[in-house]
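Only one chain comes next, encoded as structure tokens, the form predicted on its own.
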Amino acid sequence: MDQFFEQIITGLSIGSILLLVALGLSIIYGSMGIINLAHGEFVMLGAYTAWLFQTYFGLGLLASLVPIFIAVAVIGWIIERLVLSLLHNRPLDTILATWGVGIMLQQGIRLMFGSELRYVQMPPSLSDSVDVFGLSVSSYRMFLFIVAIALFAATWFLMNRTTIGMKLRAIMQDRSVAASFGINSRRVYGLTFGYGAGLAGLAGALVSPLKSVSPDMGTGYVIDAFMVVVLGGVQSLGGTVASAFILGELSGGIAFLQNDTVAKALVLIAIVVLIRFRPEGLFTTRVRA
């Protein structure tokens, strides 16, 4: 029974990290239809910004979360305005453009800070452990779980209960009709991409105390994020949450029985098979035609 609860908690920990990384991609991919291959680099920028604030300004991780979100969101907004806004309805060009942007961001970080590994200190107040079902669980991992759920709730509220969310959903259903009602799709897309990039940067900052920070750290995260979004359903925020924790529990269970490498391979195979028979993912959102 102890091992069962331990695996459940491990899966929740993995799932919360997957959700943090995938949430921003879900917004961009599901709402704008952009396959953003630079998403991992936004995660990396968030981690480097956390390291920068800590090293040069003496700002702890918790105190720097809001500035990190704003900084990466602004970078994302600039990229959307200067590059992606010119490529709407051209998916292949968008893929190539975001891939190129990702490479430039990686090389820019290498030129400014070098290729050596960097480290971000875990907040001292979250460095201990708490007792859960008789098991010792890292306080920081519990914090990540709570933050992931809170960010999902904030994103759901933004998409479903605010004016900008209503405008975005209108554009998703029919851009020309939305424009006839005075909705500026360029402005809405810029804000949406910036918000998704900011979430990715926030994810990078939050996982940086658990992983070493390097220019290519985002490569693995973008693969995981796409797996979560595709499995959950492209336009379903709830599906993103469910698929993140499903993959987290599945990865944790297989890794316990075998190892991390086998877990990643089997999870990827399972997703490929599922997409073969259910290409829309596990969860779909119905919209009126």
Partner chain sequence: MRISRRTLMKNAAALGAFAGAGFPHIWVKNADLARAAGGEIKVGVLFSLTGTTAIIEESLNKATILAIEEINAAGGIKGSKIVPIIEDPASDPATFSEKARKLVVGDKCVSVFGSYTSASRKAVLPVFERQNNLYWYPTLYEGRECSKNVVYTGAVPNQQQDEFVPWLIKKFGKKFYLIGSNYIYPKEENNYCKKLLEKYGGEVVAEEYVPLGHSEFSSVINKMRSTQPNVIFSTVVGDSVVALHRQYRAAGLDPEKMPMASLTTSENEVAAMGGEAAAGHFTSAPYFQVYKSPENEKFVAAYQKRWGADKVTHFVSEACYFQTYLFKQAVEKLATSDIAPPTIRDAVKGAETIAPQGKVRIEPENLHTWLWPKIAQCKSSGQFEILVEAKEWLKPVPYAAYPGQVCTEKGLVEKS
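Positions refer to the first chain, counted from 1. Computed from a predicted structure; not experimentally measured.
Only in words, not in the display: the form predicted in complex with its partner chain, which the text now covers.
Per the 4.5 Å heavy atom criterion, its partner chain in the predicted complex is contacted by stretch 212 to 220, the sole one of 180 to 188, 90 to 98, 68 to 76, 212 to 220.
Using a 4.5 angstroms limit between non-hydrogen atoms, residue 110 touches its partner chain in the predicted complex. In the predicted complex, at least one heavy atom of residue 116 sits within 4.5 Å of its partner chain. In the predicted complex, at least one heavy atom of residue 129 sits within 4.5 Å of its partner chain. Remark: residue 122 counts among the residues lining its partner chain in the predicted complex, judged by a heavy atom distance of 4.5 Å or less.
Interface residue among 167, 81, 175, 141, judged by heavy atoms within 4.5 Å of its partner chain in the predicted complex: 141. Contacts to its partner chain in the predicted complex (heavy atom within 4.5 Å) from stretch 22 to 48: none.
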